[in-house]
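As structure tokens, one chain now follows by itself in the form predicted on its own.
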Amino acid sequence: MQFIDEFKAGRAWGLLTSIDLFDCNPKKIRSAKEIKRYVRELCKLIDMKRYGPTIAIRFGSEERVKGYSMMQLIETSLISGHFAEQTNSAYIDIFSCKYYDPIIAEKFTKKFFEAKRVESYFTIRRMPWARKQKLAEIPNPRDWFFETLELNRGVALAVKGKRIYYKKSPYQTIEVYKTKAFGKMLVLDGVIQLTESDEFAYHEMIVHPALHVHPKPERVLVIGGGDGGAIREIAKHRDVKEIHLCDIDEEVVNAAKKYLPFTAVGFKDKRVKIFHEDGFVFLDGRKNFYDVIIVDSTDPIGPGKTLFGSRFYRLVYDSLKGDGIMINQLESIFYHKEFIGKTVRKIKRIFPKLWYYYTIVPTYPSGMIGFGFASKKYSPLKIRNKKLKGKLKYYSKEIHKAAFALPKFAEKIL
């Protein structure tokens, strides 16, 4: 942790952790006995020696602030706090010139007072001479988004940014962040879906390989893809006559139109028609209907989980014409070998031809994402020359061919 480096280098005079707790257990914040017990257990946990008794006095001239105030001297500074009874909130500061782990302190404090929500601020108090140096920023968790999808592998992605939109739809939690490094960022159920800086690498590669292979892709369907990025890329193909989008969650489309204009621009094309329906029901009524179907799904969690099953792939197959192509999001060969292997076997039982290819997307945990190219007739390596309406930033004939060249370990999976 960077805080430790500051102490080891002699630049830190002390560490301050400010913990704001909301929706606490009302009985605990109204009990001097419990507050004092918290101090004793915290000091033991973070190895701080108490100096004198814990002071906990209930007062306050206004209802807004009425409650216990607490102070505990420790040999390396002090712990203080105020407990606001009207809002069942608590505001605690832990300051020490001796190092302690602020994350451990935060987690313990939240658990002890049974808070439903917590916000923390970490501040390094530096030595006088250290302030003259150009030092790295100390991260404050409140200013960062942490994607923990691969946390069981010991991997998390931290992105500095401010949340500018939040909504809980009937299907998932939708968030949009304005980030320092990547511009606007869409997050669904805590998982990064796209960022303004690199989304083109994903959307161009989920669309153009199929549309450069199929000789006459007049009718194209996107399942999922409510951000509009895939629609934007399909709209560059002049030979496409109808573009359908089926995304069960209307709120994703609404959020994209308001906050992600760089992808949502595709919705303005007159060929686009949007359906907010269950993909299974939608496909069941459209047999032998589409030339290309693109399954732009989330990871196999939440509403996207059902889009990786045999029943769904059979519906896609039946909804494609005799020479149709399906492209589906198919995870990372570095992180999801077993899942990809199982999914490939499901698709191969239904489609006569299947290839795996990939693209590079820096803000996905493994830095890349893969796709399945399932075809009734065409090989993805026979590319047709096409003049597009609009520019490309990632896709080219050379990239197309190279994307299907897999490393040895991936060939064994497939």
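The first residue of the sequence shown is number 1, and the count goes up from there. Please read all numbers here as calculations on a predicted model, not as lab measurements.
Another form, the form predicted together with a small molecule, is not on view; read the next lines as being about it.
Quick one: from Ser310, Thr306, Thr173, Thr87, grab the residue that has a heavy atom within 4.5 Å of the small molecule in the model of the complex. Checking each option against the small molecule in the model of the complex, the one that comes within 4.5 Å is Thr306.
Heavy atom within 4.5 Å of the small molecule in the model of the complex: which of Gln329, Ser319, Thr343, Thr109 fits that? Just give me the one. Looking at the other structure, the residue within range turns out to be Gln329.
Please check if Tyr364 has a heavy atom lying within 4.5 Å of any heavy atom of the small molecule in the model of the complex. Looking in the model of the complex, residue contacts with the small molecule include Tyr364, since a heavy atom lies within 4.5 Å.
Applying a 4.5 Å heavy atom distance criterion, does Gln193 contact the small molecule in the model of the complex? Looking in the model of the complex, residue contacts with the small molecule include Gln193, since a heavy atom lies within 4.5 Å.
Would Phe113 sit within 4.5 Å of the small molecule in the model of the complex, counting heavy atoms only? Phe113: no contact with the small molecule in the model of the complex.
Residue contact check: Ala264 to the small molecule in the model of the complex, 4.5 Å heavy atom: Output for Ala264 is no: heavy atoms all beyond 4.5 Å of the small molecule.
Do heavy atoms from each of Leu188, Val252 and Thr298 fall within 4.5 Å of the small molecule in the model of the complex? Yes, the whole candidate spot contacts the small molecule.
Region of this chain that lies against the small molecule in the model of the complex, out of 72 to 80, 271 to 279, 285 to 293, 120 to 128 [heavy atom, 4.5 Å]: That would be 271 to 279.
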